[in-house]
Structure formats: structure tokens, C-alpha cells
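Before any questions on how it binds or moves, here is one chain, the form predicted on its own, in C-alpha cells.
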Amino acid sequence: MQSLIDPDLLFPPEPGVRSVARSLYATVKDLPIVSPHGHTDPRWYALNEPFPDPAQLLIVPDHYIFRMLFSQGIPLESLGVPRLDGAPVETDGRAIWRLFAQNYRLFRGTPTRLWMDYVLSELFGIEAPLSAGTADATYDAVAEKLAEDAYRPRALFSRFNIEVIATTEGALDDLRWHQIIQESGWSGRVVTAYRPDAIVDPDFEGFSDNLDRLAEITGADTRTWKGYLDAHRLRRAFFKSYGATSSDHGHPTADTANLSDAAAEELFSRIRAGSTDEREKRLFRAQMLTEMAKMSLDDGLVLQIHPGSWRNHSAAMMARFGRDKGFDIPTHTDYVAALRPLLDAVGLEPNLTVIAFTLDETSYARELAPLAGVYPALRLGPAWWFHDSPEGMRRFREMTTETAGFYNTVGFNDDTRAFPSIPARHDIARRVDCAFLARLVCEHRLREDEAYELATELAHTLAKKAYRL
């Protein structure tokens, strides 16, 4: 069968370097996948039902796809994206797929194109490039496969050679799907992660009601600072009972604070009372990152900070479609000053792991690599979101390795909602890393035996170690 993926994809053009890259890649391409952070739906693994039609699986929920199409004037309604007001949207999967195929050229040169070609070729056996002319045949071929038991979630989990995958749930989630997975006897390892944004961000919709709900769930008095912190501890313990090894925090900035107990209590009282002061809300988010880090010292959860996204940039689209519809935009992000209060409090602790991500690549060499290169508690997350691309991964290695090395990074995580694309994303990361290591070998900056060891570390071992999996 002809593949849409060239065997030398992303390897250097120089014959000598390419040969080394090929050899390195051959040792890691079939390693098990460790997916320590992502947003796949635990319902899939719990119920193990067939996936829906190709459009509902691959297009409608994927903001990488529909944001590009929308930028070219294609309404989200015509792509089947649900509206908050319940107004009609396209529901014919074939019509949605045809529209996508007609505009597939828009993805030339993007990582989305690489991921989709990989999925169509390697997972569904498609040989012809996707286009308007092949849309129906491709749709039928994918739909036929999705009807087979071999394409149900648990079967694909095994086929993808996933060793462990982490989903991400909000702090108020009852984790019922994880309970079903846990009680099913299935051998696949699916764990959760604690995402408390809805109860630490005063700008989150329904924040006050969320704190009331937190009180109901935990029995703690969330009207007081002590009770509020106790409620977090209880929820973190609950999440750990379903396998959680990490918490995740999607704050607008990387700001942290380390207030006295009295000052923190006073701030919480104002926030709980509905303060609209932007400085107080920002300070509260900052304080809560440090509080979460302190809790991590006690319960061992790895702390992930995903800052620097202006979420839901278009108010009109937020009102019409809700969150996560492609309108999150990277912003300039400070780390040196922002993280100092947290690092002053716990940064020298060797048993704590704080993983910092960024959407601001200018911070790699100037701020993040020097910080991670000295603070024992700090590690660098991989190229993320808008930079989860071959170029972004190369830039990450080029700008961080000389100061932070490899071992202050945490391998790769796919951070995806798109389950079928997970093997593609890990394969691309492994290819990019092998190409980078091959260059170091051919420049005589790294011994070949070291490169083989590192290839395995970057593809598999570092993620397991960093996320305590």
C-alpha cells in the first residue's frame, strides 16, 4: 500500500545526517506512547462505543481545523459546530466532509496537514490525497472502518500502543467515566488530571456558584480561606484516587504570589464577595498557583502551568459558540519576575516538579531555559499548542538545550482532544528529536551511543519520570 507519509519525513536532507536520523528513529518509532497530558474524553474508554461519522470524529471537535477554515470565510455552522442558542447547524457528516476536502489545500505546510495525512494513511489505509475529487470515497472508507470493532476506542488504544494516557477534568467533575473505566477490569491505563480553573479564576463563568458547588461536594466551608484550601485538598485526593499524578492550570499569565496567611485570607474574602478589581483578581490567581505548588509538596501531584493565552479573544464568537472555538491567541509572557514568588517559596525543593509551558517563544532562551537550568523544582514543558509543529519543536530544542540541557525537559505530550491523531503527533515529535540528535552527532557534539540513549529518553522515559507515571 502506498503511504501519504514519506519514510524520511522531517529528516535532514544531508545524506550523512539523514542516515544517523534514520537509525535513531528506528530504535524509538515503536516505543509505547506515554501521553501524560491531554484532553481526550474519558467517556470513550468507559463506554467503548463506536466513534461517530468521520466528520463528527475528525472535523467538528478540532479547533485546529475549523479555525483555519473560518479564517477563510467558512462559517462554523456549516462545519457542524454547535451554537449555544441551539440554532440550526449542518448535521450531515458527508456535507461537512466535502466542505473540508474542498478546502484541504488551506492546510498545506501546517502540522494539521501532517497529522491528518498520517491518520488517513496509517490508521484508515487511504492512499489517495484528500481533495474534492476524493472526498466521497475517503468518507466512505473511513466510515466503513469506524463501524468495525477494531476501530472502537479500546481497540485503538491497544493498536496505538498507548502505555498510559491522562485526561483532564475540572475540579467539580464527578469522574464517573473514570470510575467506570476503573471498575470495568479493562487493562488500559487511563488517569485523570486536576484542573481547578473554574474555582481559582474569578473571571471564570459562574465562579461564585462554583465555590458553592465545591462546598456541597466536599463539605468544606468555602466561605473561609481555610475551608476553601481544605476543599482543594479533598478534591486533589479524590482525583488521585482515580490515578491523577498532575494538576493543570491555564492562567492568563505566569504570575505567582506568596502572601502572608493574613493577607491571603483578606484577599480571598474580597474575591469571595465578588470583587471586580482586576488587580485583586490577578493577585488571587497568582497566589493560588503558589498554594497549589505547596499542596504538591504534600500530595506529590506534578504542577503544570499553561499560561499566556488570551482565551476567547472574540467576544462575539464566545457568545455564539462558547469556549475553545479557535479564538485563543498567544500573548507576551514574563517568567523571570512572574515565577519568582513561587520559586522563592518552593523552587529549591528537589521533590517538587513544576512544569512550565509557554506560547511566547521569545522566552525560551532568555527566561525559561536559564530558570529550569538552575531551580531543582522547575522543568520545561515541550513546544505547546501553536508551536506543536516541526518548526516549533526544532526551535524549542535549539533555544533551550544549550542552557537547560535535555534532562530539565519532560519529553513530549500531545495535549490533544483528537484521539486518532495521537500516534501522528508522537511520531512527528520522535522524528524531529532524532533529526536534532543526528545533527549533534554529525557535528561531533554528541557521541552516537549518547544519541541512542537520548532518543529513548525523549520519546518515552522523560515523560514517565516527570509525570510520575
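The first residue of the shown sequence is 1; numbering continues from there. In this text, all values refer to a predicted model and were calculated from it rather than measured experimentally.
One more form of this protein should be noted, the form predicted in complex with another copy of the chain, which is absent from this view; the next part is about it.
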Among Arg189, Arg94, Arg320, Arg282, just one has a heavy atom within 4.5 Å of another copy of the chain in the predicted complex, namely Arg320
Exactly one of Glu266, Glu183, Glu205, Glu391 comes within 4.5 Å of another copy of the chain in the predicted complex through a heavy atom, and that residue is Glu391
Which of 227 to 235, 154 to 162, 247 to 255, 341 to 349 lies within 4.5 Å of another copy of the chain in the predicted complex, heavy atoms considered? The stretch 341 to 349
* Please state whether all three residues Phe51, Tyr118 and Thr353 have a non-hydrogen atom within 4.5 angstroms of another copy of the chain in the predicted complex. => no
Quick check on Phe124: any heavy atom within 4.5 Å of another copy of the chain in the predicted complex?
no
*asked:* Using a 4.5 angstroms cut-off on non-hydrogen atoms, would Leu79 count as touching another copy of the chain in the predicted complex?
replied: no
inquiry  = Against another copy of the chain in the predicted complex, would Ala315 count as a contact residue? Criterion: heavy atoms within 4.5 Å.
reply    = yes
Checklist entry - Is Pro307 close enough to another copy of the chain in the predicted complex to count, meaning some heavy atom within 4.5 Å? => result no
Contact check, 97 to 136 vs another copy of the chain in the predicted complex, heavy atom within 4.5 Å, ordered by sequence, gives Arg105, Leu106, Arg108, Gly109, Thr110, Pro111, Arg113, Leu114, Pro129
